Structures are given as C-alpha cells and as structure tokens.
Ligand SMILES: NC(=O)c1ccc[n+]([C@@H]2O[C@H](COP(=O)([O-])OP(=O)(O)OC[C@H]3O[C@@H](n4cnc5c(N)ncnc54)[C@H](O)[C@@H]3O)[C@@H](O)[C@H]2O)c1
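First comes one chain, alone, set out as structure tokens in the form predicted on its own.
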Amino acid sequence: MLEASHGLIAITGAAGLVGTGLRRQLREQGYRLVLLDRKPITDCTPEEQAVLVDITDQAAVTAHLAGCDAVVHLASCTTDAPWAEHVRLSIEGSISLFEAARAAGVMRVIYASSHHVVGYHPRSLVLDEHAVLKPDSRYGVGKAFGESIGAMMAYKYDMRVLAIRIGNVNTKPIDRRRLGNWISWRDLGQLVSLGITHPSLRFEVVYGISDATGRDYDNQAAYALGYRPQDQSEPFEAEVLALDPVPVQDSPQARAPSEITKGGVFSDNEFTGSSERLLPRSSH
C-alpha cells in the first residue's frame, strides 16, 4: 500500500473517463491514489497504485481499501443497458463498495451520482437537492439506489457521504442541454475534495455543475459546503447555440422527450406515448 503524505484516496472505476480526469485533479491537490478497476491501468504515476478488482468482490475491495482515508465511488453501469447489468454493477456494486468501506474503516465516501436521477423533470424547472426523483433510465435508477444506500450508511453507521449528481464533465459544454449541467474538471475536483475534507459533512446531495446560475439547478447545498466553482458555462453559450440552435416552437423536435427534459437522449430511449406528460402541469 502506498504511503500517503496528504491523504490516501481510493477511486473505483478509475479506468473510465471520469476516473481518468479526476486522477489528475486529486494528484494536483497532493493526494495519493489507489486505482480500482476491472480494466488494467498502465499509466500510473509514482503517486498512484493500480489494482485489478471487480467491484462486486467485496472481500477483495475491503482488502484494497485498508489504510485509505476516503473512497470515490465511480464504478457503475454507465449505459442504459439491460437490467441485469445495472443490478450487478450499479446496485450490487454499490452495496459491495459501501460495505467494504465500512469493514475497512473508510468512513468517507464520495458517491458519483448523476443528474439522470431527476432526468424526467422538465428542463424549464430549476431543481434543488430536494427534487422528487424522476429517473429517465435504468442508469438513473441505479444511481438513485446508490444515493439511498449512502444515506443509510451515513445515518446508521456514522459514515460521511457526499453524493454528487454529476452533469457532463468535459472541457466545455457541447450542446444546449449541457449548458445547464456542465462541470469542468477542476470544479469536479473541488467538489470531490470537499467530500474528502469537510469537517461537518454527514450526508449531502449536490449537483456536479460549474457555475450555471439561472439554468437547470439550484446548487445552494454545494455552496453551503464551501464550493466556489471557478468555471461557468456562459462564455460558451454563443458557440453552443450556433451549433445547436433552439428548435422551432411546437415542432416535433421541440416536443421530443430529449428536448423537454433534463435527461436528453436517455429520456428518448424506449419512450412510449405522448410527451405531454413530461411538461410542467401549467403547460398541459
């Protein structure tokens, strides 16, 4: 096990897109990392140790978490795959991870949730952390389960859990919808660091967005923890609108679930019936 000078942090699903980008952010903050994934990671720095492990192997995960100060749980089924994959990776995997952390004495978990847990809310509404769950997909359901087990672990077993409903982490927003849920890499790193270090954290749900004031989400819960995003989506608005203009009112595109809701294409997938049910009640 690596010796930690500024804290030893485990990351599950570390070989994925978010894990790869987050590694750099946490290294720059002085953390040493244990990288857990079922896929090999071959580009480790001296501050990192890669471990091949399946998230559902609770005994093995417990062993690899020993000595860690916190764990960032990214591993899940990240597509809208059939239920069996979500049950195994997102549900059984989260049970395994939280129980392994508790057994290893790792009492801080930063859980990578998703805005897709509220994906069937109308895009026109500004949501806070108290919004009713409206998952837009099996993926969203799996992430919502992780929030629930995180809350139980925090209040029953004295863990400290930060659930971050990540929007789209990227170097910049790539379409109109993501103007309202984009988060830069350094802002995501800041949120994760708050989950690792905040002294009074118990269980909190925050949105993983940069400064998108007045758009899709009210992120006051994150600001109350000390979050101060360094990036904002507004400077990219003209560029995005040129590539992804607002559709003509009442056109088929404007009435599509992907256009009406926060979930985008996940909202379209397998959708049946009229999209009228997705509109705010005052619009029916």
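Every value quoted in this text rests on a predicted model; they were computed, and no experiment measured them. So that there is no doubt, residue numbering starts at 1 and follows the sequence shown.
A second form of this protein, the form predicted in complex with the named molecule, is not displayed here; the remarks below concern that form.
Chemist: Kindly confirm or deny that Gly16, Lys39 and Lys143 each have some heavy atom within 4.5 angstroms of the named molecule in the predicted complex.
Modeler: Every residue of the spot touches the named molecule in the predicted complex.
Chemist: Answer with yes or no whether Gln190 is in contact with the named molecule in the predicted complex, where contact means some heavy atom within 4.5 Å.
Modeler: No, Gln190 is distant from the partner.
Chemist: Taking the shortest heavy atom distance, is Val106 within 4.5 Å of the named molecule in the predicted complex?
Modeler: Contact check for Val106: no, nothing within 4.5 Å of the named molecule in the predicted complex.
Chemist: Is there a non-hydrogen atom of Tyr139 within 4.5 angstroms of a non-hydrogen atom of the named molecule in the predicted complex?
Modeler: Yes, Tyr139 lies within 4.5 Å of the named molecule in the predicted complex.
Chemist: Heavy atom to heavy atom, is Ser113 within 4.5 Å of the named molecule in the predicted complex?
Modeler: Answer yes; at least one heavy atom of Ser113 falls within 4.5 Å of the named molecule in the predicted complex.
Chemist: Have a look at Ala100, Ala212, Ile166, Ile196 for me and say which one sits with a heavy atom within 4.5 Å of the named molecule in the predicted complex.
Modeler: Only one listed residue qualifies here, and that residue is Ile166.
Chemist: Let me know the one among Val161, Val117, Val71, Ala75 whose heavy atoms come within 4.5 Å of the named molecule in the predicted complex, would you?
Modeler: Among Val161, Val117, Val71, Ala75, a heavy atom within 4.5 Å of the named molecule in the predicted complex occurs only for Ala75.
Chemist: Just one stretch in 30 to 38, 224 to 232, 240 to 248, 255 to 263 has heavy atoms within 4.5 Å of the named molecule in the predicted complex, so which one is it?
Modeler: Answer to the contact question: 30 to 38.
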